[in-house]
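This document starts with one chain, in the form predicted alone, laid out as structure tokens.
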Amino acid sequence: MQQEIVLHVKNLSTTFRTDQGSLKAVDGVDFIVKKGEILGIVGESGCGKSVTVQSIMRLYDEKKTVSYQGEIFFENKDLLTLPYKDMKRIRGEKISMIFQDALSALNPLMKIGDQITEAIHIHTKADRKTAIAQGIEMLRQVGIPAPEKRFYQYPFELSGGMRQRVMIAIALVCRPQLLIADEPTTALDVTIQAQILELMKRLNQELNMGIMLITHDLAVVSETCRRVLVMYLGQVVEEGTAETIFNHPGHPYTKSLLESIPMIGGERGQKLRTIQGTVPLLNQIPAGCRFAPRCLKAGERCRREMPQLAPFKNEHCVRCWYPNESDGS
């Protein structure tokens, strides 16, 4: 049975107006998110992952800061054409987002319970007693011990792992169809990180919602996601199933990312491989393939012409003139 598409992004571009001129942070991005699946989006810092997902939520100031092009279809409506008041109803109720730093995202002057029930009051007609009961139950579902006590505490009274669970509770309390998780485990230790990821996977199955997981941690992606997008400098450079991406990477950038992962059991003293150079600034985007200045395989055509994201093998798409044929079986 084919999964229902929750979100369909078509040719999305996000351009910021700055003192240096217009800078395009997201350039022609296409992808879908299906109901009940976890889609991973990976890449180095500065590759456009967070800007892409925040563009879906339309979180930037459209009057002074940013302009969007393309289409974002959710419930058969293009989110980029909706009035602002309609987007306010969608945010938190139908599409929710978890940010990477819970301590900054939570209001330090409000009790945990008030921050959870705020979303309930905004999006439902529940009375105070019902909202409190729903909030406590949500804290229980995300694994917070003694939720009746934690409900009346402030963020500084909770540990980092608990604060992250509170963020998840706030995001899920209205049972959204799509959850966007932007680096949700970055600031957590390994044990808490594993617990949060297991929690997200469990809720994904129980609620049958789509999840977009944005991270630079490929190990997390391999354990959590079914499909993966690899982004570089505002573009998708590779798309495929997690198995294909990890076992048969087609783009040199993806291959380089995988080779830079520390391996348990490697030779002692073996130097960790790195990708030469850094992600260019948005006002210094090179001509042709954007990865060409850092690519060991780049030729004259790569530096002159921009490759398109094209089918490579089965459901595997690669933006490269010379994809890794030996790896793309």
Partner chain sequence: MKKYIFKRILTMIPVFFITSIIIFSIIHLTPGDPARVILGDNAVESEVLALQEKMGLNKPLPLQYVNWLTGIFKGNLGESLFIDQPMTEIIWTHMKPTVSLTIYALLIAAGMGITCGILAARYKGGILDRIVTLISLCGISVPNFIVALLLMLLLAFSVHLFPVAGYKPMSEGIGIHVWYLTLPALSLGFIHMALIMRMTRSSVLEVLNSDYIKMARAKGVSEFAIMTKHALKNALLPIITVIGQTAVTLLAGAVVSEAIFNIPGIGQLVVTSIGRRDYMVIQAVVLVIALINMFMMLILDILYAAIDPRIRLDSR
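Positions refer to the first chain, counted from 1. Note that the coordinates shown come from a computational prediction; the quantities given were computed from them, not determined experimentally.
Note that the form predicted in complex with its partner chain isn't included here; everything after this is about it.
Looking in the model of the complex, any heavy atom of residue 141 within 4.5 Å of its partner chain? Residue 141: no contact with its partner chain in the model of the complex.
Contact with its partner chain in the model of the complex for residue 59, defined as at least one heavy atom pair within 4.5 Å: yes or no? Flag for residue 59 set to yes.
*Does residue 128 make contact with its partner chain in the model of the complex, using a 4.5 Å heavy atom cut-off?*
Because no heavy atom of residue 128 falls inside 4.5 Å of its partner chain in the model of the complex, the answer is no.
Give a yes or no for residue 226: in the model of the complex, does one of its heavy atoms lie within 4.5 Å of a heavy atom belonging to its partner chain? No, residue 226 sits far enough from its partner chain in the model of the complex that none of its heavy atoms falls within 4.5 Å.
* Sort through 115, 204, 177, 134 and report the residue having a heavy atom within 4.5 Å of its partner chain in the model of the complex. => Selected residue: 115.
**Request:** Using a 4.5 Å heavy atom cut-off, indicate which stretch of 59 to 67, 27 to 35, 298 to 306, 282 to 290 touches its partner chain in the model of the complex.
**Result:** Residues of 59 to 67 come within 4.5 Å of the partner.
Check: Looking at its partner chain in the model of the complex, which residues in 106 to 134 have at least one heavy atom within 4.5 Å of it?
Finding: Read in sequence order, the residues that approach its partner chain (within 4.5 Å, in the model of the complex) are 106, 107, 108, 109, 110, 115, 118, 119, 122, 123.
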